[in-house]
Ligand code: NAP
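A single chain, nothing else alongside it, follows as structure tokens in the form predicted alone.
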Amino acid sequence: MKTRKVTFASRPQNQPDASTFAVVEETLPQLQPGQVLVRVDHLSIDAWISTMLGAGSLHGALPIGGTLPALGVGTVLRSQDPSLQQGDAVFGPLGAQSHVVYPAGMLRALDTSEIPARAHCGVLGLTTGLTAWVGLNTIGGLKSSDTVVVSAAAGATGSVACEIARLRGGRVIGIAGGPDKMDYLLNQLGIAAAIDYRSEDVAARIKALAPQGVNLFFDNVGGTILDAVLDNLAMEARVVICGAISQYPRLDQVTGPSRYLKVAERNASMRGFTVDYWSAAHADAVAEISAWQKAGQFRLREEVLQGIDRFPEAMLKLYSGHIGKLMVAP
């Protein structure tokens, strides 16, 4: 059995490009006791993958020649472990490849009777739905009376954060770039207001849209966007640092917030988090998101690129303004 995989070909100086990646074919090892052969069905394309391409990365530096990491769902084709059977749907760190031989203990079996497996890359995904839920609720203490601002609001995690805040009764303002994203946020996700950072003064628009200040900010961007919101915090506001995609291409020269003293002035808090650290909250997140999903209340847009050879293209889309959840089906 052979697998096609995407490997790390060269370390980018700034943002990755086509030369950063290579697609190779390899023969898989013989299946051993305790292992399973998995066909990879869907891979989650996430910003954290790009952080591993630099020399000093948040999640560790990927070595040249290494397989690109990715979370995903797949189907067990053969099993040498009693915990997983042929045909089982599984979730795990499958990597950017079409097939993989893994220890069964690295994978989690999925119940697909009501919700399809690929939802575990999207609304129920660790890096998407669960991250948004934990950030808003466990870290941010979301209240129905909150004015909530979400940056990178048209991306995967941002979209779900907007939806959770809306479904919980919050007044949601999304920040994104371009008219297509404005249309998506307002007319598909149905949030209260949207700010186009490419054509509008973000700080001025926040002040106009939230004259009493922002109660909860879910930040995926950092940089000047973070400063603009810090300048418009309500008393006792909560700022949740989920990510900082504006800073990822130059992690050795991160620009911190220049308006952080507003946190003290407003008796506010600013806290970062990683979703895996808060595993005790995952069951509650899955239960609530699953209920909304079954009721048809989520509107997250999905884009699926077909073929593992398109994984590099999908990674580059992270920097070119995709909308919603991006996946690859190997």
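Note that residue numbering begins at 1 and tracks the sequence as displayed. No experiment lies behind these values; they were computed from the predicted model shown.
Keep in mind the form predicted together with the named molecule is missing from the figure; the text below concerns it.
Q. Is there any non-hydrogen atom of residue 273 lying within 4.5 Å of the named molecule in the predicted bound form?
A. Output for residue 273 is yes: heavy atoms within 4.5 Å of the named molecule.
Q) Is residue 41 one of the residues lying within 4.5 Å of the named molecule in the predicted bound form, judged by heavy atom distances? A) Contact with the named molecule, no.
Q: Look up in the predicted bound form whether residue 127 has a non-hydrogen atom within 4.5 angstroms of the named molecule, and give yes or no.
A: Because a heavy atom of residue 127 falls inside 4.5 Å of the named molecule in the predicted bound form, the answer is yes.
Q. Looking at the partner-bound form in the predicted bound form, is residue 232 within 4.5 Å of the named molecule by any heavy atom?
A. Contact check for residue 232: no, nothing within 4.5 Å of the named molecule in the predicted bound form.
Q: Would you point out which of 5-13, 302-310, 317-325, 21-29 contains residues with a non-hydrogen atom within 4.5 Å of the named molecule in the predicted bound form?
A: Of the options, only 317-325 has residues within 4.5 Å of the partner.
Q | Candidate from 226, 165, 206, 242 lying within 4.5 Å of the named molecule in the predicted bound form - any heavy atom | A | Of the listed residues, the single hit is 242.
Q) Looking at 103, 177, 213, 95, which is the one with a non-hydrogen atom within 4.5 Å of the named molecule in the predicted bound form? A) In short, 177.
Q: Check, residue by residue, if 161, 189 and 293 all come within 4.5 Å of the named molecule in the predicted bound form, counting heavy atoms only.
A: Checking in the predicted bound form: none of 161, 189 and 293 is within 4.5 Å of the named molecule.
Q. So which residues in 120-155, when you check the named molecule in the predicted bound form, have a heavy atom no farther than 4.5 Å from it?
A. If the 4.5 Å heavy-atom criterion is applied to the named molecule in the predicted bound form, 120-155 yields 127, 131, 152, 155.
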